[in-house]
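One chain comes next, on its own, written as C-alpha cells: the form predicted alone.
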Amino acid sequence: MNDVAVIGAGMTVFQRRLKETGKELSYLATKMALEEAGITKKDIDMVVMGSAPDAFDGIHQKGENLLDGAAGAGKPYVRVFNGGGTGVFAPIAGWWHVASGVADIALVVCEEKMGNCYPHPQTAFRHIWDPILDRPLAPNLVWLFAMEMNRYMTKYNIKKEDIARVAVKNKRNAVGHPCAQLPDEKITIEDVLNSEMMAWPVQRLDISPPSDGASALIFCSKDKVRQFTDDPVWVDGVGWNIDSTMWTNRDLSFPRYVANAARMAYKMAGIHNPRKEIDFAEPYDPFDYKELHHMEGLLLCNKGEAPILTREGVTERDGNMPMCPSGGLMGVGNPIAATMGQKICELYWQLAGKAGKRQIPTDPQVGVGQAWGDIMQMATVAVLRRG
C-alpha cells in the first residue's frame, strides 16, 4: 500500500448562494486546491465527488451533473455519499485510489447546494424513514437528535450550559475563518440558552446553519510528493463504521460506531493512546452536543468527561487538546458533504501551518477529523500527520 500525502486544499464561502450553481461552487473550490498545490487539472489522474442526497440540489444524479465543475470530464470519476459522513468518507475514497496505486494524484471535491431545497433542507429527509415503523410518527431530524441529546445529558448529568459552551467556542473560533457563515465573537452562553426552543432540549443556537458551498482536496503518492513540497502532510490512518439503522436499538448516550471507526483509523496510524498522541481534533458538530458526544467516541476522553474538559478550557484553540479550531459546523456552516472543508482540509491547513488566524499556537503534528451521517449511525474518521 502506497503512502499518501495531501498537497492542496480549497474551500468556498459557506452561505446561501443563489448566484452560483453546484457546478460553479465545485469549480471554485477545485481551482483553489489546484492553485495551492501548484498543479493543473491535466496533472489529476482521477476525481472523487462527494455530495449528499440529490434532493438538496434538486437535480437527479447530481454526481454526473457536477462532473464538469469538478474537473472530472474525461477522467476516471466516482461519486460517494453517506449523508453527513461524506465529508470524511469522500477523502477516504480519494486516499484509497492513491494508496492502491490506481492514481498518483487524486482530486476530491465535496459540494452541497442546500439552498435549492424548498421550503427548507429538512424536507429532503421526509422519505428516509422506514415506511411502516417510522414514517407514521412523522419524524424529523431535530426531534430525533433532541432525544439523543436528552439521553446524553440525563445519563451523565450534563448541564445545558456546558453544552451551550461548545456553540460559543465554535462560533468564536469561526471569527478568523474567511469562509464562515455565522462567526460571532460576542456570543454568550446566555444567548444560546435564551434562543428559540426547537425540540427540547435543542434550541436554535444549538444547531449549525444549513448552507451552500464546496471544498476540495488533492492527494498525492509518496513517489511524486517531493515535486510539490518538502514538508508533506500524510494520511496516517482511516476508518469507518456503521451501526444498526434502527435508532431505537442503539445506545444514544455513546456513539459506539464512532469508537469502532476511530479504533480502525488509530490501528492503521499506529496510535495506541489517542489522548496523548493526538494534538487536536475536528469532531463533527452539526449540534453543539455532538462535539462532546464525538469527542468521547473518538476516545479522546472518558464517557461523560467531554463537557468537563470543555468547561476547563482544554478544548479551546490554545488549550491542551483543541476541538474544532476551524469553528466547525456550528460557526462556519453545514453544507453537508462540503464540511470536508472544516474536517479534513482544516487538518491539512493546521498541520501545514497555513491556517492563518485560526492557527493552533502549539505547532500540532497529528490531528484527527471525523464525520457522522445516515440516521445517526455512520462514522468516518481520518488521521493526518505532519512530516
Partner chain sequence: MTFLEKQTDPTTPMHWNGDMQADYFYSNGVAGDKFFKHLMKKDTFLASECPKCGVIFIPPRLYCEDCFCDIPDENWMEVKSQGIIRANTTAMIDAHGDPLEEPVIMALIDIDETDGAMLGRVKTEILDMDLCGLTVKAVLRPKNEREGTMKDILYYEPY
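Residue numbers count along the first chain shown, from 1. Worth saying up front: this structure is predicted, and the values here are computed from it rather than measured.
From this point on, the text means the form predicted together with its partner chain, which you will not see here.
Although the partner is absent here, Asp230 sits far enough away that none of its heavy atoms falls within 4.5 Å of its partner chain in the predicted complex. In the predicted complex, its partner chain lies within 4.5 Å of some heavy atom of Asn140. Residue contact check for Lys75: none of its heavy atoms lie within 4.5 Å of its partner chain in the predicted complex. Using a 4.5 angstroms limit between non-hydrogen atoms, Leu182 touches its partner chain in the predicted complex. In summary, the region of this chain contacting its partner chain in the predicted complex, judged by heavy atoms within 4.5 Å and restricted to 270 to 278, 202 to 210, 298 to 306, 100 to 108, corresponds to 202 to 210. The single contact residue among Arg250, Lys160, Arg172, Lys222, judged by any heavy atom lying within 4.5 Å of its partner chain in the predicted complex, is Arg250. Counting a residue when any of its non-hydrogen atoms is within 4.5 Å of its partner chain in the predicted complex, the hits in 139 to 156 run Pro139, Asn140, Trp143, Ala146, Met147, Asn150, Arg151, Thr154.
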